[in-house]
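Single chain ahead, by itself, as structure tokens, in the form predicted on its own.
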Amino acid sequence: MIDNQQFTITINERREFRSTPGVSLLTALKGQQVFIPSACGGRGACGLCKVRVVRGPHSPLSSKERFHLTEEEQRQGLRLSCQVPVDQAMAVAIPDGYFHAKEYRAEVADIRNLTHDIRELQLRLIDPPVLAFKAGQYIELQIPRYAQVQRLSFRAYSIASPPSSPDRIELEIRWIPHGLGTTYIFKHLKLHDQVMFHGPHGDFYLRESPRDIILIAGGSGMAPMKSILLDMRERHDPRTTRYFFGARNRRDLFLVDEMKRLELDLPDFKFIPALSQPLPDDSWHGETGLIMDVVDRHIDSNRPADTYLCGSPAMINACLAVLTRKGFSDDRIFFDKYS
């Protein structure tokens, strides 16, 4: 109903609030400290901010919603919350896990360049002072107004540190030319600056099972894999684990020494880096080729394994084709695409 030009929004039939018209449902929920995952910052590009509309609105789906939502999801009433305007009262249903995400303030405690285009940020939490998360999950970092950018936005970054250090998190961020988030991080963010973020988000995390583990990543997809491996070391996880990491040439490889140390610390772990375009000066004697071809050569379709992938959509889709051909079932494949 309308009350002083505000509309009532009901969440999971047990919580209500009023919102002023003219904002998206994603923004209205965020104003109530209900943080719906949105890796693209509400632009309709990532397709993550799905909620089920139980009652109203009846506005037609946007082109971005038709692209990201399957026909079955559309029949079930799913919408992208960033594309739904608050223009009438409505009731929505969201997973209970979304209520666990909080807003945090942190200080940039360290900045380190890992490669020519990947930067590591260490964030020391201030308020709240700790973040409880699962290895593999991500946070959404607030990108403030800077230079010619006049609006707040958010960008999703996976946590690279283990859950055992909840007062400090590590991010590994790849430079994207002209990217709104990475331009701020690489050109404007400085040591001891304070930042805001919310989280944790995501269902990409290590499952408990008796099966072997296969990890596949490229670029900054290293971040959640590092968190998972460090967590496995601390929990003395004995499972056989193989980690395939794809890079173009040697200058794109990073954290190799840390991965080699993990080979010594974990009972049955092997790191398998591969270069798709090694340079003559690289003096490379390891695996070569696209990472899906390397995976194809190494994995055994007769040995059951849980597989975790993080990287570009193109890389993941190519690897999924290999895994499917080798008989890996969907319920044992977990992936996190970034764009």
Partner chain sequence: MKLSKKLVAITAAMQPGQIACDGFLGNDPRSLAAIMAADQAAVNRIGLSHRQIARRMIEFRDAGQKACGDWITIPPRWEVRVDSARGKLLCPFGDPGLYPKTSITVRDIQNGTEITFTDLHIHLIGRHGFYEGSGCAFRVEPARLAEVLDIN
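All values reported here derive from a predicted model rather than from experimental measurement. The term rigid core refers to the most C-alpha atoms you can superpose between the two forms while keeping them within 1.5 Å. Positions refer to the first chain, counted from 1.
Keep in mind the form predicted in complex with the partner chain is missing from the figure; the text below concerns it.
Although the partner is absent from this view, residue 68 contacts the partner chain in the predicted bound form, with a non-hydrogen atom inside 4.5 angstroms. Put simply, residue 146 is close to the partner chain in the predicted bound form: some heavy atom of it is within 4.5 Å. None of the heavy atoms of residue 62 is located within 4.5 Å of the partner chain in the predicted bound form. Contact check for residue 192: no non-hydrogen atom falls within 4.5 Å of the partner chain in the predicted bound form.
Comment: the partner chain is not present in this chain, but in the predicted bound form one of 178, 75, 236, 112 has a heavy atom within 4.5 Å of it, namely 178. Only one of 34, 272, 46, 299 comes within 4.5 Å of the partner chain in the predicted bound form through a heavy atom, and that residue is 46. Considering the partner chain in the predicted bound form, the lone stretch of 280-288, 24-32, 50-58, 305-313 in range is 305-313 [heavy atom distance within 4.5 Å]. When two forms of a protein are overlaid on their rigid core, residues whose CA moves 2 Å or more are considered shifted, and residue 106 is not one of them between this form and the one not shown. Core-superposed comparison between this form and the one not shown: the CA of residue 62 exceeds or equals a 2 Å shift.
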